[in-house]
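In C-alpha cells, one chain follows: the form predicted on its own.
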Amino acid sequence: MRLLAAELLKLRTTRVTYVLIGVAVLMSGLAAAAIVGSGSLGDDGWLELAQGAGFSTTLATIVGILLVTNEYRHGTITTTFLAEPRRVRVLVAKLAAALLAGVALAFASIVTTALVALPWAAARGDALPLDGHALEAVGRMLLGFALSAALGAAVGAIIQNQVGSIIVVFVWFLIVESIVGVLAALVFGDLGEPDPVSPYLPGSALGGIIGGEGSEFMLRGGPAALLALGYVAALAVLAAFSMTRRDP
C-alpha cells in the first residue's frame, strides 16, 4: 500500500496527468455531441456513446507509459529502487496505479459523455434510459481504460524510454496491426472481409472491449476483455524480467 500511495502521489503531482484528463474530457464531449447531434442513436445508444468516448483509451495508454518512463527519464527510478530494492513490487505498484489512473480517466469521460448526451438527447426526444445498457457501457469503459493504462505501464517498463515507448505503441496500433490485417486478409480471404488474425491482435482486443459488438473485425466484449487481460499479463511478465535484469 505504501508503494501504491507513492505512485498515486506521483500521478497527482504531475501536470501532464491533468492535461491528458482534459484532452479526454474534450474528446468525449465532442464525440457525444457528434453522435447525439447526428441523430444516429439507436437501440444501444449508451454503447454507441461509449464507443465514441473509447477513442480516449489511447490517452490512458500514454498515462501508463508516463507513469513508468518519467522516472527513468528524470533518474528518480534509482531512488525508488533504493527505497524498495524488490523491483517486482515496484512494478506491481505501478501497474496498480496505472489501472486506477485508467479508471479515473474513464470516469471523467463517462461523466462528460452523460452531461452532454442526456440533456441533448432529451431535447431531441431520443431515449437514453439509465438502465442495464447504461451500466454495461460504463463497465466496458472502466475496464477498457484500465487495461489500456496497464498495458502502457508494462510497455514503459519493458522499453524504459519515454519517447521510444510512445512511438512503439502508436506504430503498433496504427500501422503494424493494419499491415497484419491486410496481409491476413490477402492470405485467408479478400480485402474488406474479416480475417482470422486481426481480432486477436492487442489493439483489436482492447478496442473490442468497448466497440466489439456488431463488428465482424473484433471480438465481442467478454472474449476481447479476456484476451486483452492476457496481453497485459504477458507484457507484465516481460516488464518484470526487463526491470529486474536491467539497471537504470
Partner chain sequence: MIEVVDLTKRYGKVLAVDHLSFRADPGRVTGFLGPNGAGKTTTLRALVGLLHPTSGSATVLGRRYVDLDEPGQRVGAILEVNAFHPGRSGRNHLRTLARAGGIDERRVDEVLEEVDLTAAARRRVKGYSLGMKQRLALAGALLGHPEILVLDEPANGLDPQGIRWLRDLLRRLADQGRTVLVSSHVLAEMAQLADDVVIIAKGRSVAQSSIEAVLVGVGRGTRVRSPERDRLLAALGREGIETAPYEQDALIVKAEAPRVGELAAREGVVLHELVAESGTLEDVFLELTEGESSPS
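Residue numbers count along the first chain shown, from 1. Source: prediction; values computed, not measured.
What comes next is about the form predicted together with its partner chain, which is not displayed.
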*With heavy atoms only and a cut-off of 4.5 Å, decide whether residue 83 touches its partner chain in the predicted complex.*
yes
*Using heavy atoms and a 4.5 Å limit, would one call residue 58 a contact residue for its partner chain in the predicted complex?*
no
*Can residue 79 be called a contact residue for its partner chain in the predicted complex at 4.5 Å between heavy atoms?*
yes
*Please run the contact check for residue 89 against its partner chain in the predicted complex: heavy atoms, 4.5 angstroms, yes or no?*
no
*Quick one: which of 144-152, 123-131, 164-172, 67-75 gets within 4.5 Å of its partner chain in the predicted complex, going by heavy atoms?*
67-75
*Across 9-38, which residues bring a heavy atom to within 4.5 Å of its partner chain in the predicted complex?*
9, 10, 12, 13, 14, 15
